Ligand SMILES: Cc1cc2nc3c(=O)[nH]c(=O)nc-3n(C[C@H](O)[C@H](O)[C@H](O)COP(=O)(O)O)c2cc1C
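Shown here is one chain on its own, the form predicted on its own, set out as structure tokens.
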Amino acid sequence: MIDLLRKRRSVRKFTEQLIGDEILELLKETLLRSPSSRNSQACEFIFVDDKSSIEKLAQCKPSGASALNTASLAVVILARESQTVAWIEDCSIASILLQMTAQSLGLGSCWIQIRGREHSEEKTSETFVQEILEIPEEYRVLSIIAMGYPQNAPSGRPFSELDFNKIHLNIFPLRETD
């Protein structure tokens, strides 16, 4: 797992190569095996491979969704909020496990944040996605994971760039403010 983390970076440009059925099944299995709070299994997932639908999803917010423009797959991560108070955490876990599995299979991915984002002054990104994919109101959309084969595989973050000042032992140390 550490090797995957060392190599993983967000990919925002993908080739036109489609993702094969065997890999799609592994991605689906990953999501269905994702842990959830109190085993609520509240998360649900929409696999979108229709290019015109993906292009519509790319319009979900003014910036930050451009990776969808070349993605061959968009996976929408959602949950029924009434099923668990931990729906955000559960969907986040599923999202990152999906990204790590994609990395292990030679795919690139990019997390597109939906919850808490605005499509326009009149509409949230979440409502926009719900309308496009006909998602009932009682479901909350956390993210869309854009996926495909990377045009250029970006290098992972070098060890020398890791900020070990963010690691604390036993207590959070007092610091002088800037």
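Being a predicted model, the structure only gives us computed values, none of them experimental. When you see a residue number, it is the position in the sequence shown, counting from 1.
This protein has a second form, the form predicted in complex with the named molecule, left out of what is shown; the following refers to that one.
Q: Answer yes if any heavy atom of Val129 is within 4.5 Å of a heavy atom of the named molecule in the predicted bound form; otherwise answer no.
A: Flag for Val129 set to no.
Q: Indicate whether Ile112 is a 4.5 Å heavy atom neighbour of the named molecule in the predicted bound form.
A: Judged by the heavy-atom cut-off of 4.5 Å, Ile112 is in contact with the named molecule in the predicted bound form.
Q: Decide whether Ser10 counts as a contact residue for the named molecule in the predicted bound form under a heavy atom distance cut-off of 4.5 Å.
A: Looking in the predicted bound form, residue contacts with the named molecule include Ser10, since a heavy atom lies within 4.5 Å.
Q: Indicate whether the named molecule has at least one heavy atom within 4.5 Å of a heavy atom of Arg140 in the predicted bound form.
A: Answer no; every heavy atom of Arg140 is more than 4.5 Å from the named molecule in the predicted bound form.
Q: Should the three residues Lys61, Gly64 and Arg157 be counted as contacting the named molecule in the predicted bound form, with contact defined as a heavy atom within 4.5 Å for each?
A: Looking in the predicted bound form, the three residues Lys61, Gly64 and Arg157 all sit within 4.5 Å of the named molecule (heavy atoms).
Q: Only one of these stretches, 30-38, 112-120, 45-53, 130-138, has heavy atoms within 4.5 Å of the named molecule in the predicted bound form; which one is it?
A: Partner-contacting stretch among the options: 112-120.
Q: Heavy atom within 4.5 Å of the named molecule in the predicted bound form: which residues of 126-142 qualify?
A: Going through 126-142 in order - heavy atoms within 4.5 Å of the named molecule in the predicted bound form - there are no hits.
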